[in-house]
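The chain below stands alone and is given in structure tokens; this is the form predicted alone.
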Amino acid sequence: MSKNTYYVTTPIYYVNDKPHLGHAYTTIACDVLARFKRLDGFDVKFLTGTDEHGLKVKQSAEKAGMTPQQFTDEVSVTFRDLVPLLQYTNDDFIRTTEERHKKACQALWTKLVETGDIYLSKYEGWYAVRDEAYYDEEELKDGPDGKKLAPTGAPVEWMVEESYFFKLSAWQDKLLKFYNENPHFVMPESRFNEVKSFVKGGLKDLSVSRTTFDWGVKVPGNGKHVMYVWIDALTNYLTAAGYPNDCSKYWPADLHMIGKDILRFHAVYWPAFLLAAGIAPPKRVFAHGWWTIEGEKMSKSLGNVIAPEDLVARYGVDASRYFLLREVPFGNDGDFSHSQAINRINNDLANGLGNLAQRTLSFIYKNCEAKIPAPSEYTQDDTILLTKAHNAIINVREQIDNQAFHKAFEAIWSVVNDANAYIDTQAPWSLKKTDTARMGTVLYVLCEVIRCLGILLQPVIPTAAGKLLDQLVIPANERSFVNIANHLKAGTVIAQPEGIFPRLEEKAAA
């Protein structure tokens, strides 16, 4: 197995509130990628964490009667608690209040001052506290009370303050050149087109410090300024890679996974900061869509926010992970409904994969002395199914590398469906009476296909896939993708099989 590296990051989540379905969605996608790459022989670094500075956090802390540090300590834990709940396998959890991060931010800032890309001036403009962003006049819309609103709907106020600026205006042509040389830097393609259009429209210098509050990383040499939240927050990816020390093992990052609402910061500002500092930008930024809940935007006022722990309590970890990545083409917006979740889980996991494994292994346990039978001569039907199962990794790998999770699972379930059709057609229960040698071959082929499926599905349904491989008595050191080319050992004694996915009742949606 090779030792190539793969560095994947979630956005760092803002700690002004507790995590919801959207946070879980992003991190599950990154976890599936990380697990897949590890099984494919890569040395993986998987990063997540929390963004803990800025005016909004300070105000939320004051409202809660706490210091900003006390508040962030408390809320950050709610994001860390998702790690065991949803079985994330992150290698690092970063907080922007950590000393290692402050050191990295100040080192990058100093570098940008040395290159002449940061300068001191004054800033005035329309500022949205909720978004931690300034907006141009033409971007604003009028609210129902006549007050100005940001494109996101956040209220804005006119602010004037001394500020350091990053010379973003000098990077328009350089960014467009970079985009042209890296045609897959942003995905999906439609999002990349949005980014290019924005940059072609002209770039203005970017305010990168604040003096109106002090909850942030201090600007080197001028302690009355704190770094603007985006230059602070974005640097976390470098911090975790080892910056300002040697970070070449994992940098540049292979993938920043983000929601579409923060694409501009990651695809315009971040590569400009890095290029100005002489640091390679990440290889790809993938901006996925948003989840609505049964046609409505998630909102505390509507009472429809789905907490990750509620999803797991209702459907289990594996089924929750699978549904979120299978139901909607990754990159598109999706609408969550409990009826859709139940249908998908029942059809794919209970009726499809679970039923295939249960009826195959139960038949072997009852009729073959609990031993995996030895195959005899393969027919064309056997060979076609075996070849498809062994070669599925090729298509799945391509789709995972393009973050097309739904297509990867379509490829896997094509094997599941073919295997279920095969067992119905071959009917080993009938062969038991007429041709036990043929029965043994059919059962061996089915077990071999289930072994391949178990290996392939470890990244998305790790517990269930592990149980499948346990029931086939596959050693832990034979579960990576390189082992798919192996074959089951005939005569292996199996324990009485247990179902891995119980069928859900519609009342579970109530």
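Quick caveat: nothing in here was measured; it's all calculated off a predicted structure. Residues carry their position along the shown sequence, with the first being 1.
Heads up, the form predicted together with a small molecule isn't pictured, but that's what we're talking about next.
Picking from 287 to 295, 178 to 186, 360 to 368, 163 to 171 the stretch near the small molecule in the predicted complex, with a 4.5 Å limit on heavy atoms, gives 287 to 295. Of the listed positions (220, 125, 259, 252), a single one reaches within 4.5 angstroms of the small molecule by any non-hydrogen atom in the predicted complex, namely 259. A single residue from the set 234, 412, 356, 325 has any heavy atom within 4.5 angstroms of the small molecule in the predicted complex; that residue is 234. Residue contact with the small molecule in the predicted complex: residue 266 places a heavy atom within 4.5 Å of it. The closest non-hydrogen atom of residue 13 lies within 4.5 Å of the small molecule in the predicted complex. Interface residue remark: residue 230 is counted as part of the site for the small molecule in the predicted complex, having a heavy atom within 4.5 Å. Residue 51 belongs to the set of residues with a heavy atom inside 4.5 Å of the small molecule in the predicted complex.
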